[in-house]
Structures are given as C-alpha cells and as structure tokens.
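Encoded as structure tokens, the following chain is the form predicted on its own, with no partner shown.
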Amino acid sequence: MRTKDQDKLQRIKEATVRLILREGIDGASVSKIAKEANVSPATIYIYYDSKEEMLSKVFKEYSRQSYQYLVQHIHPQMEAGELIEVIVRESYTYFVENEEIFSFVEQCSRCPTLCEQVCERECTNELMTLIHEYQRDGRIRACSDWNLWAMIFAPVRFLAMKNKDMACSCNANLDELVQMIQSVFIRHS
C-alpha cells in the first residue's frame, strides 16, 4: 500500500484550484489535475476515491478556511459594530489576499452538485454560532441566516472581485459598506 505524502496532497489541491479556474469544473479531469500537480493519476486515487470526492473535499476545505480566518479575528466580547466591521474588513482582506482560493470557492458554489455535497452551514458553524449569540442578546437585529449572508457577504465579495478596478477607492468603499451594514443590523436604544 502506498503512503500519503502531505506535499503531494497539497500540490494536488493547488493544481485542482488552478485547473478549475482555467478550464472549469467539467474541463478538469483527474489526468489533467495529476499532470498539473506533477503526480501520476494513480497518486490522486491514494487520496480521493473519485474526481467528485476530490472536488467536494477541496471545496469544503477552502470554504471552511475563509470562515476559520474570520473566527480568528473576532471574539464574543466585541461590540456589535466592531464585530460587523471586523467581519466585513477581514472577509475582504481574505478574499483579496487569497484570490485564487476565493475564485475557486465562488465557482464551486455555483455548481449544484458540489453544493449538495458541501453544506455551507457546516463550514460556517462557528461564525454563525457567535452571530446567533449576538442576535439572542439583542446586540444585532435578528433575521434569517440567508438575509444576513446576503447583506454582509455578497457586497464584500463584490468589492473583492472589483478590487483591481477600484484600487484607489477600496478603503472608502469598505468604510461606507461597514457603516451601511451596521445601520441595518445594530439595534439602537
């Protein structure tokens, strides 16, 4: 039995991301990914049973990674406004600094088959638990998770995708976005 090598596994994941971005999900075969990773196709099957399993596991890992990054920057004692600001700014920073991973996750999230296999709620569990705590305490206005996601992450993703087009005004746009989101979600007494 062949052993698993973390370096090869990482090369396979990185090759998967690059190839999906270049050729799309349907254009990325196991043999092409193996060639891109400089391994044999048989090596890929040491780590994954199929292309579908490989895509869903890589998609899930990178989806979780972005939310774990956020959790590292927040703590339950933050004021509600600060929490929203950190989520917006750190999401933007993560998306811009990890452009390939961000683009890969975005592309995979538009594939119904992959979305069935990768539950976003599972990837975001720790972050959502904290947000729900703020909602229960009345520090953040209660709403559905879908609306919360649409109001916070959709505009941040949009700004991250347009980062190169608006380089000189990204801070001003982020400042404005933080204020807009805070005005929607923070309860004023």
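Just count from 1 along the sequence shown to find any residue number. Rigid core here is just the name for the largest C-alpha set that superposes within 1.5 Å across the two forms. None of the values given here were measured: they were computed from a predicted structure.
This next part talks about the form predicted in complex with a further copy of the same chain, which is not shown.
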**Report entry** Partner proximity in the predicted bound form: V86 to a further copy of the same chain, non-hydrogen atom cutoff 4.5 Å
**Finding:** no
Requested in this report: Indicate whether I131 is a 4.5 Å heavy atom neighbour of a further copy of the same chain in the predicted bound form.
Outcome: no
**Report entry** 4.5 angstroms heavy atom contact with a further copy of the same chain in the predicted bound form for A42
**Finding:** no
Requested in this report: Tell me, yes or no, whether Q179 is in contact with a further copy of the same chain in the predicted bound form, where a contact means a heavy atom of each within 4.5 Å.
Outcome: yes
Query raised in the report: Is a further copy of the same chain in the predicted bound form near all of K60, V71 and A80, within 4.5 Å of a heavy atom of each?
Result: no
Query raised in the report: Quick one: which residues from 10-38 get a non-hydrogen atom within 4.5 Å of a further copy of the same chain in the predicted bound form?
Result: I20, L21, R22, E23, G24, I25, D26
Query - Core-superposed C-alpha of V30 shifting 2 Å or more between this form and the one not shown - result: yes
Query raised in the report: Taking the rigid core as reference, does K13 move its C-alpha 2 Å or further between this form and the one not shown?
Result: no
